[in-house]
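The form predicted alone is given below as one chain in structure tokens.
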Amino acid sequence: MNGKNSVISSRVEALYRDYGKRAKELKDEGKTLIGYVCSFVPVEMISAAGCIPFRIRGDINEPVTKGDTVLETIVCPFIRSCFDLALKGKYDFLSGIVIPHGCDSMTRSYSTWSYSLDLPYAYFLNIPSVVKPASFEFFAEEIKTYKKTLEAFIGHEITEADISQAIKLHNAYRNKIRTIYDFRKSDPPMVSGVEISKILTVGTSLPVEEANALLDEIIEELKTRSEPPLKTGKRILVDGACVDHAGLVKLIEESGASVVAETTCNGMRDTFPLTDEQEDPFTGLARRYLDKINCPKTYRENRAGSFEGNIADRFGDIGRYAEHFHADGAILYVYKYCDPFGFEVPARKAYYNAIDLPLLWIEDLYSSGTMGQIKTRIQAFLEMIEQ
């Protein structure tokens, strides 16, 4: 089922290769698209407003040129790439942007984004950095303010029924992603890491209803697969920040391994958590985005009382995913100048050591030019864990 009639190798590949193609079509049809750059943005509110959330991504094959005339070069290379593409007109179909307080690079570049792009709608979403009861109350109120700005932009009220319906649609999307991940449990997996990477990337460029329909087709295709796309090899978990391209995973799988899990910004770590549909929608969204997304941007108190207990509490989800998908090793992939993940590297390394999972730490630029060097390190790591 990997041939020309495959949904994954045809429709997904086309949408991945020409990212934004469907968004341009929707813009021509009169739809309103709002871009965002981080998993902390409650996309449900954009959908509830009758607009289409579109995740802005960079391009590792496109040198940052125009963006560097406006943004400092010590800004996160991923954010620089996203901004550079926006300045070059890649995302001209957008009518607005939402940028959250996800990291310093996002926070300090928001004014540059809003001024340089001069879009009809722009909003900076204030995300608390500490996870505690008062933070949930604050963030729920912030989401209500976010809602009011969207209402002023679209010209009509967003009802709680609209929000609840959007929550159900996005929860359905996340559950379908979980179902696709289940095909990775076998050895070898029945879906490759490269395929998953492209599916996840494409899914955030479509209206949620279209994304759900596409995922249904993919699931039906995977159910009929008789042969796995890869041979048996070491099973790798990829950890880190936003990896919005298949380049890294492709290197790993070309080296003879299988990527079976990604605890990354656009992988399972941020995609799997659901919004509680029984709660008040603002409270439910506040809890999903602030508490259930385990990002280094947010601080959680040391409830265990010791360093060992603290790292088990903070990174326990990684260990559970590693066990669930039978990982043999992990690759921690961090961008240069990424302070949230960079500061956590020692603690994460200590946690991997504590659960006895071999780890390769890579600090990289957001560029295809470094892929050759990285492949050499990956091959050496895989040889090490083979012994």
Partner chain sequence: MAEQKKKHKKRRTATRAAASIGPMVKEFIAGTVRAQREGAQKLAYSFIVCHHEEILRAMDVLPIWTENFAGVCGAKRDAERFLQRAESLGFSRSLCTYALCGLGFDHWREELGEMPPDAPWGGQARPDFMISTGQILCDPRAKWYQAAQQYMPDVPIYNIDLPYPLYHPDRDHREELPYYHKYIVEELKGLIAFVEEQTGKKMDYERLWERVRLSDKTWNLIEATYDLRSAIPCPMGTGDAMNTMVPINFMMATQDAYDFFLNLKQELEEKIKKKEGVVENEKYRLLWGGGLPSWFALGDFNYFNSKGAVFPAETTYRMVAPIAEMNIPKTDDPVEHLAWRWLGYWTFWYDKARQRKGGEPDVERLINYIERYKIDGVVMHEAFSCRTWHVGLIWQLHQLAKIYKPIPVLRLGKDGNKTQAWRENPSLVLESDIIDITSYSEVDTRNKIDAFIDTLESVAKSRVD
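Residue numbers count along the first chain shown, from 1. What you see is a predicted model; the values in this text were computed from it and never measured.
As for the form predicted together with its partner chain, it is not shown, yet the points below apply to it.
Contact check for 71, 307 and 350: all three have a heavy atom within 4.5 Å of its partner chain in the model of the complex. A residue is said to contact a partner when one of its heavy atoms sits within 4.5 Å of a partner heavy atom; residue 130 meets this definition for its partner chain in the model of the complex. Although the partner is absent from this view, residue 302 contacts its partner chain in the model of the complex, with a non-hydrogen atom inside 4.5 angstroms.
When contacts are judged by a 4.5 Å heavy atom cut-off, residue 256 does not count as touching its partner chain in the model of the complex. In the model of the complex, residue 13 stays away from its partner chain, with no heavy atom inside 4.5 Å. In terms of contact with its partner chain in the model of the complex, the residue from 292, 108, 168, 178 that brings a heavy atom within 4.5 Å is 108. Listed residues 296, 229, 207, 273 were compared with its partner chain in the model of the complex; 296 is the one with a heavy atom within 4.5 Å. This chain is displayed without its partner chain, yet in the model of the complex the stretch 357-365 from 357-365, 45-53, 323-331, 31-39 comes within 4.5 Å of it by heavy atoms. Of all the residues from 7-41, none has a non-hydrogen atom no more than 4.5 Å from its partner chain in the model of the complex.
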